[in-house]
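Take a look at this single chain, the form predicted alone, given in structure tokens.
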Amino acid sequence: MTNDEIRALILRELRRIAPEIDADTIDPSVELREQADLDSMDILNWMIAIHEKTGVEIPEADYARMATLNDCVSYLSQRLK
């Protein structure tokens, strides 16, 4: 899976959790929680969705490592190799 495919998957699943998000306005270096106004249940559901689509286990201890879009792409690309 390429970084562009990972990015698209992350944004697609984020829009399912928070449909009001405009993916074109997401700053990849700013925390997604702030940009999308996500609460802890949103984050949990989003991580579950990413796991279901990729098969990558994301322990709760690693959620902080997926704070920004860039962080998410980096985290998943390392684990999908």
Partner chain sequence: MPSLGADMEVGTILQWLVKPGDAVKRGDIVAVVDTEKATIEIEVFQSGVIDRIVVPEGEQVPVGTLIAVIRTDGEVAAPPAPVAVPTPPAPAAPPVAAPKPMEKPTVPAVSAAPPHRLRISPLAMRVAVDLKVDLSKVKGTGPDGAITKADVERAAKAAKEAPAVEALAAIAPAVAKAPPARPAAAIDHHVAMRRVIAASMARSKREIPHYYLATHVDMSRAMAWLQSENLKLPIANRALYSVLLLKSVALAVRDFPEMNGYWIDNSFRHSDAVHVGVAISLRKGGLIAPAIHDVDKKPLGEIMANLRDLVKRVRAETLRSSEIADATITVTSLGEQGVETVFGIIYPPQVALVGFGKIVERPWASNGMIGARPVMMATLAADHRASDGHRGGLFLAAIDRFLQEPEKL
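Residue numbers count along the first chain shown, from 1. Please read these numbers as outputs of a predicted model, since none were measured by experiment.
The same protein also exists as the form predicted in complex with the partner chain; that form is not shown, yet it is the one meant from here on.
Although the partner is absent here, I26 is not a contact residue: none of its heavy atoms lies within 4.5 angstroms of the partner chain in the predicted complex.
In the predicted complex, no heavy atom of V30 sits within 4.5 Å of the partner chain. Within this chain, A67 is remote from the site of the partner chain in the predicted complex, having no heavy atom within 4.5 Å. None of the heavy atoms of K53 is located within 4.5 Å of the partner chain in the predicted complex. Residues are counted as partner-facing when one of their heavy atoms sits within 4.5 Å of the partner chain in the predicted complex; in 1 to 40 these are I17, A18, P19, E20, R33, E34, A36, D37, L38, D39, S40, in sequence order.
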